[in-house]
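Below you will find one chain, with nothing else, as structure tokens; this is the form predicted on its own, and questions on how it binds or moves follow later.
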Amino acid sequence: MSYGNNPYGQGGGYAAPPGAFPPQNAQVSPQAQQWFAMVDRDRSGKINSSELQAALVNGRGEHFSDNACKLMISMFDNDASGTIDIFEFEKLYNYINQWLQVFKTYDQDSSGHIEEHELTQAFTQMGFRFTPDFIQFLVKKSDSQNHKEVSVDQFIVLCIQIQRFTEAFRQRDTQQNGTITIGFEDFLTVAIGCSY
């Protein structure tokens, strides 16, 4: 996902062959149909995480991580096939664009990444009060190249994971006091279930 108007990389570089677009469907926007045709490189009518990864570029000019692409595909893959069709893709397309707008809001210096203080502000405005140590942990865990910053794909993954863990926590926090008691298997179920 690039910072320009093209949310799927740097210019595309090719046009879809004639007939590659699915039949016009009033339920799917023409823009989503066009992007789907460009991302669906094997013309299977389905997009997998590798095709999605090849199309998405973050603010550093790097492709989105494999983890981010698999996570996003899994969120919209209704039949658990590991792929998404055009209807699922449109939901993902809109989702990515919404997260890109959120990311741009907190990337105050338009650097293409979020630094610790920007990430702190983002989570605070989302209603979380994380300690500086926890924010540093999130950045370190997300940034394997030790830039001390978070790219848009890493930001999306962090937000999705925190949202999933928060929902799981709230379900178990029956007294709403911010504390839960959890059995080992339940803990593993939450941890594994929230990861992908």
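The first residue of the shown sequence is 1; numbering continues from there. No experiment lies behind these values; they were computed from the predicted model shown.
Keep in mind the form predicted in complex with a further copy of the same chain is missing from the figure; the text below concerns it.
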item: In the predicted complex, residue 138 touching a further copy of the same chain (heavy atom, 4.5 Å); value: yes
item: In the predicted complex, residue 162 touching a further copy of the same chain (heavy atom, 4.5 Å); value: yes
item: 4.5 angstroms heavy atom contact with a further copy of the same chain in the predicted complex for residue 171; value: no
item: Touches a further copy of the same chain in the predicted complex: residue 181 (any heavy atom, 4.5 Å); value: yes
item: Site test, 54, 95 and 101 vs a further copy of the same chain in the predicted complex, non-hydrogen atom cutoff 4.5 Å; value: no
